[in-house]
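First come two forms of one protein chain, each written alone as structure tokens, so that there is a structure 1 and a structure 2.
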Structure 1
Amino acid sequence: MRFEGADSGTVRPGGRTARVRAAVLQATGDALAEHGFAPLDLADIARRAEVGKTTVYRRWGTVTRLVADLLLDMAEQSLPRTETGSLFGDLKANARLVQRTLADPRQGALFKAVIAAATCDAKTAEALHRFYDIRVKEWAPCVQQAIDRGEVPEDTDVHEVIRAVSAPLYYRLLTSGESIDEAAADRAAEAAATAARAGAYLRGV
């Protein structure tokens, strides 16, 4: 399943190289979701993907490079932003996409594993930061449009608003154990929209 509601198991066109990459990245995601980062092994990934070990070692070389490529692929294949014409509508769409991802047993476990690995591995952390940077930038124009409509103050930090939407959902995933349902997503979106209108995310404040 692709991040934020799409299907990462789909093999995309592009010849044998693309098919091998898709199979290996699918296998990597499965292994992360099942066992976490620590036991990840290139030989096991090759076996799961049904490709030669030499191919995996030659193309990726290390586990961290493989995870980085997985995160890049997830970011590139994520669904584009939804534009509803209102800040709350846009933020709710964003929150519900994140919610569906984190509530999915496989995807939720995968993100837990990658986030845990990023706390002690600099390359994984760099890849994770790049992943979220891509996703935040994808949705930031929704906040800029709200600024243009006069819904929120002109100096609003558009990236901080998007980060504020998903933060409560990741808190539930990583710390509280509470259900990550649509009601939680809608509350997160409403809270971020209300705070943005009140000027809570002004640059430099």
Structure 2
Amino acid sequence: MRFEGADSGTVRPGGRTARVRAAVLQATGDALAEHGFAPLDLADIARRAEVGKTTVYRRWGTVTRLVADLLLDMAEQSLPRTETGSLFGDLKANARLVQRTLADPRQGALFKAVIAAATCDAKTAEALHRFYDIRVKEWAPCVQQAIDRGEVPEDTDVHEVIRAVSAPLYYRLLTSGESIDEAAADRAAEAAATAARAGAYLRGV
């Protein structure tokens, strides 16, 4: 009886074992940088959808193309923007909306997965970019209103301010284990509003 399994390489970690590890890690980096992450099973999706798997393979072919179509679908369902009368209030409403979405177990996992999928395929990435462009454009007017009120400098890049609200929440979702709570949302909104008022998002300077 031989026990190697998960702890193989722990007893004699030097020499060949170390060289193998280095070579494999190098190759992993290369492979990931080149192909990215490969797709999920379409047969399983057909089963869940109670649809012939031939149909799924014929119409979409790969998971990445399927996800691109899903993003197209998601982009069509838009949520109404709320107006509060102040930049901070509007950004906070936006931040809370994003926070609720990412904190929801199913939605949060879905957004993570969709972003991961876009990592592997150019068409899917394009669909993801279009999705966020639409969402950002939907909220940008609140920054324009702040410009009109004289709250922020004239030539502020309105889209960049909206992105600045979401960025910390997505960064936390992807790179940290901490939960996306309301405090994080409010902090993101406050930071973006403060920086915008101070002229940190001037365009093309």
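For numbering, take structure 1's sequence and count from 1. For the two forms, the rigid core is made up of the largest set of C-alpha atoms that agree within 1.5 Å on superposition. Every value quoted in this text rests on a predicted model; they were computed, and no experiment measured them.
Visitor: Working through the pair one at a time, identify the form predicted together with another copy of the chain and give its number.
Guide: Pick structure 2; the other is not the form predicted together with another copy of the chain.
Visitor: Align on the rigid core first; then say whether the Cα of residue 24 has moved by at least 2 Å between structures 1 and 2.
Guide: Result for residue 24: yes, a 2 Å-plus shift.
Visitor: Any chance the CA of residue 50 moves 2 angstroms or more between structures 1 and 2, core superposed?
Guide: After core superposition, the C-alpha of residue 50 moves 2 Å or more between structures 1 and 2.
Visitor: Answer yes if the CA of residue 67 moves 2 Å or more between structures 1 and 2 after aligning the rigid core, and no otherwise.
Guide: Moves: yes, 2 Å or greater.
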